[in-house]
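What follows is a single chain, given as structure tokens, in the form predicted on its own.
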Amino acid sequence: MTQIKDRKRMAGFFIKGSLLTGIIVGIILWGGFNWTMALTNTEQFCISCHEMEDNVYKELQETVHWSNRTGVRATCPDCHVPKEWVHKIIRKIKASNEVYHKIMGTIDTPEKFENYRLTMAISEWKRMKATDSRECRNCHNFASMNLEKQEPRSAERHDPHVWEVVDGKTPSKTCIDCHKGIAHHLPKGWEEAAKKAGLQD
């Protein structure tokens, strides 16, 4: 009888110990995962490879997204990585393709980068178009725009009535339709390629 009680007690200790170990390991893994996500979502991580630092990062520094009268600066992840968790994970998984190209040396020289720039731009523009320029809207909101302080041409295009949702349908145009090249140089032949991809009128 005592042997049965001892076995039950030992089984109970084993189950509780296993459960506690599982919880601790789960917390460590989840913390490590989130730490890695945060680390790979920094500008320093984005420019840790020379392909980005020597090309698009330098171009960003020439734009209003880098230096402006308000002192608000957009970093690489602000424009290229969604903030919502599920969308962020999907983007990170798709970014594994970029790791492949890094390993293969697809853009490891300035010449290769320029030759591949159009492909990268079209891919990013398609992503932005498909998400209704979601990352742009993290900072820019039509409802918050003071159209009187904008150039007339911009104010007319940013008029909220042009962009409001009608019958549950969003407008056919989104930020990236008009603002290609806002942070990086436009690749040669971009207009024709964008038209073929359905990204330009």
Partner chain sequence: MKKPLLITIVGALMLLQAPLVIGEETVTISVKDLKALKSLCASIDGAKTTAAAPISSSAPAAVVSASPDIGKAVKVASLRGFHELDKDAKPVEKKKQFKISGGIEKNWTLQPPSIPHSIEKDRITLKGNTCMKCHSKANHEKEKAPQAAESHYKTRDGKKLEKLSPRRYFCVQCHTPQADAKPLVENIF
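Numbering follows the first chain given and starts at 1. Worth saying up front: this structure is predicted, and the values here are computed from it rather than measured.
A second form of this protein, the form predicted together with the partner chain, is not displayed here; the remarks below concern that form.
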Using heavy atoms only and a 4.5 Å cut-off, determine which of 132, 54, 62, 159 is in contact with the partner chain in the predicted complex. 62
With the partner chain left out of view, which of 84, 124, 114, 108 would have a heavy atom within 4.5 Å of it in the predicted complex? 114
Only one of 38-46, 149-157, 23-31, 135-143 has residues with a heavy atom within 4.5 Å of the partner chain in the predicted complex, and that stretch is 149-157
Is residue 195 close to the partner chain in the predicted complex, meaning a heavy atom pair under 4.5 Å apart or at it? yes
Although the partner chain is absent from this view, report whether residue 19 comes within 4.5 Å of it in the predicted complex, heavy atoms only. no
Residue-level contact is defined here as any heavy atom of the residue lying within 4.5 Å of the partner chain in the predicted complex; does residue 11 satisfy this criterion? no
Check whether residue 15 has any heavy atom within 4.5 Å of a heavy atom of the partner chain in the predicted complex, and answer yes or no. no
